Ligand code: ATP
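Given as structure tokens, the chain that follows is alone and in the form predicted alone.
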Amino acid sequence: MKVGIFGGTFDPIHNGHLRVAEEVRELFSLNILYFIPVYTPPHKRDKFITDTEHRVNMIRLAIRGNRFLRLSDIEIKRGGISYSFDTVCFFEKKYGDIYFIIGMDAFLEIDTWHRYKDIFFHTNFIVMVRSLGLKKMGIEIFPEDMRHEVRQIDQNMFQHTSGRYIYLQNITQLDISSTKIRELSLNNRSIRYLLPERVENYINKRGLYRK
């Protein structure tokens, strides 16, 4: 089993999330790709995040009908601060061959994560990048204190001393953000076509993101 794990607040999940998940799943022949909503993200402890029940329900609605996409509420059930290291270890024990899906902006800040060096021993990485600048990326995308643990195999692939791989993957990045959707909803503007209709209806019916 090749399993992808895609974490985030998903507040709300939108078509941009779904499109990159579909592309990555197909390109890497993943058997399953899990959306994993965080309980409390380490870097956003002071920011308001919509109740976990709503975020979980919206993910369920968004992925309905796609047999490859799943929801895992492991971080919700765990509670407290959601650390990727703990989640990665859980999925590694269950499946073995796992792929951690992450955007380049987040990857460039990975040295601020809990036990970030150890994460590379337990999962492969799929780092989503824009086509612009891909050819310029090299070993410098890794934290300086672990560059000696990584070798570049080709333009888009690296290998860690653990044997795990780090792939740089061009994906279709739709110009959609959860922040923008919340702002539009707050101002009673349309959010149609930015997210699945089922999720849009859920938000409107419950008055989420409005005063």
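Note that the coordinates shown come from a computational prediction; the quantities given were computed from them, not determined experimentally. All residue numbers refer to positions in the sequence shown, first residue = 1.
Beyond what is shown, the protein has a form predicted in complex with adenosine-5'-triphosphate (ATP); the following relates to that form.
Colleague: For the three residues 52, 61 and 210, verify that every one has a non-hydrogen atom within 4.5 Å of adenosine-5'-triphosphate (ATP) in the predicted complex; reply yes or no.
Modeller: Looking in the predicted complex, the three residues 52, 61 and 210 all stay beyond 4.5 Å of adenosine-5'-triphosphate (ATP) (heavy atoms).
Colleague: So which of 30, 166, 69, 171 gets a non-hydrogen atom within 4.5 Å of adenosine-5'-triphosphate (ATP) in the predicted complex?
Modeller: Residue within 4.5 Å of the partner: 171.
Colleague: With the partner removed from view, which of 147-155, 61-69, 177-185, 22-30 is the stretch that lies within 4.5 Å of adenosine-5'-triphosphate (ATP) in the predicted complex, judged by heavy atom distances?
Modeller: Stretch 177-185 is the one.
Colleague: Using heavy atoms and a 4.5 Å limit, would one call residue 4 a contact residue for adenosine-5'-triphosphate (ATP) in the predicted complex?
Modeller: No, residue 4 stays farther than 4.5 Å from adenosine-5'-triphosphate (ATP) in the predicted complex.
Colleague: Using the partner position in the predicted complex, report whether residue 196 sits within 4.5 Å of adenosine-5'-triphosphate (ATP), counting heavy atoms only.
Modeller: No, residue 196 sits far enough from adenosine-5'-triphosphate (ATP) in the predicted complex that none of its heavy atoms falls within 4.5 Å.
Colleague: Taking only heavy atoms into account, state which residues of 1-33 are within 4.5 Å of adenosine-5'-triphosphate (ATP) in the predicted complex, ordered by sequence.
Modeller: The stretch 1-33, when checked against adenosine-5'-triphosphate (ATP) in the predicted complex, contributes 6, 7, 8, 9, 10, 14, 16, 17, 20 at the 4.5 Å heavy-atom cut-off.
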